[in-house]
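Presented as structure tokens, the chain that follows is alone, the form predicted alone.
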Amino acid sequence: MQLSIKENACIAPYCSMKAGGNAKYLCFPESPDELKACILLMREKDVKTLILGNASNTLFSDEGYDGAVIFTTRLNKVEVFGEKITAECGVPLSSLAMAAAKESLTGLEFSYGVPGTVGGAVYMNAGAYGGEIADCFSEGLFLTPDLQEVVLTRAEMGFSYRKSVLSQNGYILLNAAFALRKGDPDKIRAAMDNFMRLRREKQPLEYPSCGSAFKRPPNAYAGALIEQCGLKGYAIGGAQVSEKHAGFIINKDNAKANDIIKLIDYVSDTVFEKTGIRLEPEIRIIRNR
């Protein structure tokens, strides 16, 4: 088995924010067996490991990561069985939505345009426009920390807003099954096109970002609070609070990762000082080595 591994390689090209330092190792498995082999190899080297899809919700500091980052984007098989669709952890959500639409299956339209993979989406119960992964997740095949394969059903996933049991048990998704239903192909396509139109109109898709920078606080909207505090367009270095949607922090001009992190902290602190509401980052920040 020949594994695709890079040493002392820059993380930025593989992350949605296009920022961040070097990792000790970058690994690109192409099958579940290769994923297991990468994990075992790094354990033998006594190297800490992070497993990511396309890092659409993760930002590494400029100091980098003194460990291995395993990217799962080459695990990208999708299969359809009647009204159920299965996808490996590295499948982009938009690809999953398109595969469902091709079979006239409804239930995943909301995920079209969400910049993440199936693994990350299940981990954080990703959602948009009134839908979320928990709505259609049926079951998943996971690796436990001791690399045993187990199946968890929806009832065992502990889904809540942007959370699942995976943040506690350390399980790694290999593939997931989604229970959908037959629908009108024209309506499915129209809904997907409408969601994408809304994204293009309201979100700064022309710049690298990690999507919504902050979780939605109770009874409020992060973007509205940020704008209310006069921070729309505020910048630190090449990082900026989007002028199009204040809930997004963008890499406008070759931003350093640490400028982005400083801006996230500044926005959170300023909103708290002015409103009493503490915004919690939705972006996962890896701050140190």
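If you're wondering where the values come from, they're calculated on a predicted model, not measured in any experiment. All residue numbers are counted from 1 along the displayed sequence.
Below: the form predicted in complex with a small molecule, not depicted.
Colleague: Please determine whether residue 50 contacts the small molecule in the predicted complex, using a 4.5 Å cut-off between heavy atoms.
Modeller: Looking in the predicted complex, residue contacts with the small molecule include residue 50, since a heavy atom lies within 4.5 Å.
Colleague: Report whether the minimum heavy atom distance between residue 258 and the small molecule in the predicted complex is within 4.5 Å.
Modeller: No.
Colleague: Can you tell me whether residue 107 touches the small molecule? I mean in the predicted complex, with a 4.5 angstroms heavy atom cut-off.
Modeller: Heavy-atom contact with the small molecule at 4.5 Å: absent for residue 107.
Colleague: I'd like to know if residue 55 sits close to the small molecule in the predicted complex, meaning any non-hydrogen atom pair within 4.5 angstroms.
Modeller: Heavy-atom contact with the small molecule at 4.5 Å: present for residue 55.
Colleague: Which of these residues, 76, 203, 94, 86, gets a heavy atom within 4.5 Å of the small molecule in the predicted complex?
Modeller: Only one listed residue qualifies here, and that residue is 203.
Colleague: Quick check for you: of 145 to 153, 168 to 176, 99 to 107, 187 to 195, which stretch puts a non-hydrogen atom within 4.5 Å of the small molecule in the predicted complex?
Modeller: Comparing against the small molecule in the predicted complex, the contact stretch is 168 to 176.
Colleague: With the partner left out here, if you bring back the small molecule in the predicted complex, are 199, 210 and 248 all within 4.5 Å of it by some heavy atom?
Modeller: Contact check passed for all of 199, 210 and 248.
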